[in-house]
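Presented as structure tokens, the chain that follows is alone, the form predicted alone.
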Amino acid sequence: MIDPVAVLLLFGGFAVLMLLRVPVALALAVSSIAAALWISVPLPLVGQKMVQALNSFPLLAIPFFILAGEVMAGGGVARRLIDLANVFVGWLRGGLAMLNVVASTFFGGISGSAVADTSSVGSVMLPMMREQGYPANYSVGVTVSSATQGVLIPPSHNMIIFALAAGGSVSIGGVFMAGVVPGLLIAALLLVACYVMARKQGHPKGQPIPARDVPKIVWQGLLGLLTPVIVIGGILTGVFTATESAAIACLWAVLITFGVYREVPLRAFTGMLRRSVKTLGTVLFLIAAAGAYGHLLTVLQLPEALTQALLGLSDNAVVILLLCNVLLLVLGSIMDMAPLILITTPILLPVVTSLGMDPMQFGVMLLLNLGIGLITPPVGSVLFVGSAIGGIRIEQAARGVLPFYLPMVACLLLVTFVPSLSLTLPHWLGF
């Protein structure tokens, strides 16, 4: 029988601490300890579960991917990928907006982070769009919306967090591949939206790239794009694991940033390491605290209770999946992605798998929901980053995002109800 006081301490305590602006990881740990004390779970066991959550070889991929993204974000890769994207779409009407989307597609496959994508691409693109006369809120809207691809297009450290939270029911390589087609679909739908709005609002055409400059631009851009190719190619061919591929990607990022591009001095690597360690510390503390929180969820049998409750609301799988999407969209707008992945995966995964959904498909659905949450008020961290770079108020940035919710929600519904969209590629590759 579920102990209602323990549930209140676990969920209510966490909610109260969040309202008091306590860091998420600390709120998870404190609420877990409070619930454990109430139901007489030994505190050393809680500590053991926190350590066990970090005792995972695939977890080693996260620091390498974070560092690789940091190095390439600060080493001039973003600007070269923007130049490469400009070759393909920059000359069209509304080309700068389309260029923004394509550049985010390229960079998302390198950084694996919507925040890094917005910071790197936005710092270059937003001034360019301002000079060409694009409305500031529209420019920020297209920048932050296209940045959500970064959580789906591999390599993404959020996918690694999901694979770990799923408890071994999905491989990292499989969920990497499951995100490719949905990520590219978002890009395609956003490009269509940009073109329609450009025709309707009379956005300017871009300047074509001189033919003599194209070979150099393509060569330098492809050097950056080799990072996800190395990662994915190595995993698919079996040359190295996902963890080993992260180390190789990091080495390649350092090589082209400081050995080929040479846009920043080698001493800048110290700052990149410092920022990576700061990010990593936050992520690892979250994973450890979520390990204890997940153990208490299991002890209290809450995932099973929620599964039965949702299935009791309706026997229609469509209704239950829509409810899951609504829940994730709401949560995504008030909390950051990493803790939500760790909290919601053990709760909702049994629900969707009982309906026949593949864990890889659920991973893509989960990440896409939370990616949309990153650009949704009141918390939307990517929206805040975009508004800061664009120099506009958060309310203006939110209005700029509104036209792009339609293509993103359309992609979300397709991912939810068309399994082949996310599963065909990983199944074809043997995952």
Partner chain sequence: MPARALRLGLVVVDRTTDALTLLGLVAMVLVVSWQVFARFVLGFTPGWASEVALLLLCWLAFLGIAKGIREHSHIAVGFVVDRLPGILRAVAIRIAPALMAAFGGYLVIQGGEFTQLMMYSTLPATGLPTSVQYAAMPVAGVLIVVYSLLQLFGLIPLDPPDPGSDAGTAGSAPSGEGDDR
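Positions refer to the first chain, counted from 1. Remember, predicted model here, so these are calculated numbers, not experimental data.
If you look for the form predicted in complex with its partner chain, you will not find it shown, but the lines that follow are about it.
Proximity of Y195 to its partner chain in the model of the complex: non-hydrogen atoms within 4.5 Å are absent; the residue sits far from the partner. When contacts are judged by a 4.5 Å heavy atom cut-off, A163 does not count as touching its partner chain in the model of the complex. In the model of the complex, its partner chain sits beyond 4.5 Å of every heavy atom of N137.
Contact annotation for Q52: at least one heavy atom lies within 4.5 Å of its partner chain in the model of the complex. Partner contacts here mean any heavy atom within 4.5 Å of its partner chain in the model of the complex, and among 128-136, 277-285, 318-326, 180-188 they occur only in 277-285. For the marked spot (M159, Q308 and L368), a heavy atom within 4.5 Å of its partner chain in the model of the complex is absent from each of the three residues. Along 45-73, residues L45, V46, G47, Q48, M50, V51, Q52, L54, N55, S56, F57, L59, L60, P63, F64, L67, E70, A73 each place a heavy atom within 4.5 Å of its partner chain in the model of the complex.
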